[in-house]
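Only one chain is given next, in structure tokens, and it is the form predicted on its own.
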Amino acid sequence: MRSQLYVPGNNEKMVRKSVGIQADSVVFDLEDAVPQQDKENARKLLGSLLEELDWGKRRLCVRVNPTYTMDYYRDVLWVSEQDKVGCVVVPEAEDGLLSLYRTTGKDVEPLVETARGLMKVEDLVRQEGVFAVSFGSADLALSMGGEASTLANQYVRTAVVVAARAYGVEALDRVFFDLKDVEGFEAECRWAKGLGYSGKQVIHPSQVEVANQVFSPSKDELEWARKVVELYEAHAKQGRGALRIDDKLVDAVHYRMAKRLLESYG
């Protein structure tokens, strides 16, 4: 998932609009985007729109309310009956993911948003049913008494992506809140990609195209990968290991990286 777009579950116009937005995944938000008094209406509205609209092959998710609220249990019961919803996004995730997966039959995406959640990130991603993980710097800052800009640092990002990759889980970078700062958003996407993230959580359609572009390989990157695979395999048949391609040293790890890129995008 290069881009995962959040859409308020109580906003009919935005839910309908999301059909035409080319995000790889859409998250219908029943948590922060929906006032407490409107949560039941949001579930009813979203249920009817899910029956009516068609998002094609895009992965549809629902962000439920935190596990310590009664609305969490109402959300879980409701989402378990939605055939088009493929995954549940869990805010402030710390425990209970296995029971959620087995109860709903949906994939699970935990959000690391508390100090305890960050300490437990490895336990979270190794749970059965977890397919992706992300983190929320604002909620994490609230939990720790810090500032969101500070808690979007390299330590937090690295801890999340290392745990994810260790267990074969997709890692999605945090939301970027400044919608006017396109250059800053793109720079953060590139930094996250360099750390190993496969995509970005986004909150506005204007961010989708940038995220899709950054987290997709360029034509030159694909051509380079094909060249590496072809020459390395020919070299290996002659009993040789590392070789020089266009004045760059290429060995087994570069070959595996090229193979992985072509398997995903080639």
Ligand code: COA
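These numbers were taken from a predicted model, which means no experiment stands behind them. Just count from 1 along the sequence shown to find any residue number.
Beyond what is shown, the protein has a form predicted in complex with ligand COA; the following relates to that form.
The candidate stretches are 75 to 83, 141 to 149, 174 to 182, 100 to 108, and the one lying within 4.5 Å of ligand COA in the predicted bound form by heavy atoms is 174 to 182.
Of the residues given (His204, Lys227, Lys44, Arg240), His204 alone sits with a heavy atom within 4.5 Å of ligand COA in the predicted bound form. Contact between Lys17 and ligand COA in the predicted bound form is found at the 4.5 Å heavy atom cutoff. Interface residue remark: Ile21 is counted as part of the site for ligand COA in the predicted bound form, having a heavy atom within 4.5 Å. A residue is said to contact a partner when one of its heavy atoms sits within 4.5 Å of a partner heavy atom; Met1 fails this definition for ligand COA in the predicted bound form, lying far away. With a 4.5 Å cutoff on heavy atoms, Leu50 does not count as touching ligand COA in the predicted bound form; it lies far away.
By the 4.5 Å heavy atom rule, the three marked residues Pro8, Asp29 and Ala33 all count as contacting ligand COA in the predicted bound form. Along 55 to 77, a single residue, Arg63, places a heavy atom within 4.5 Å of ligand COA in the predicted bound form.
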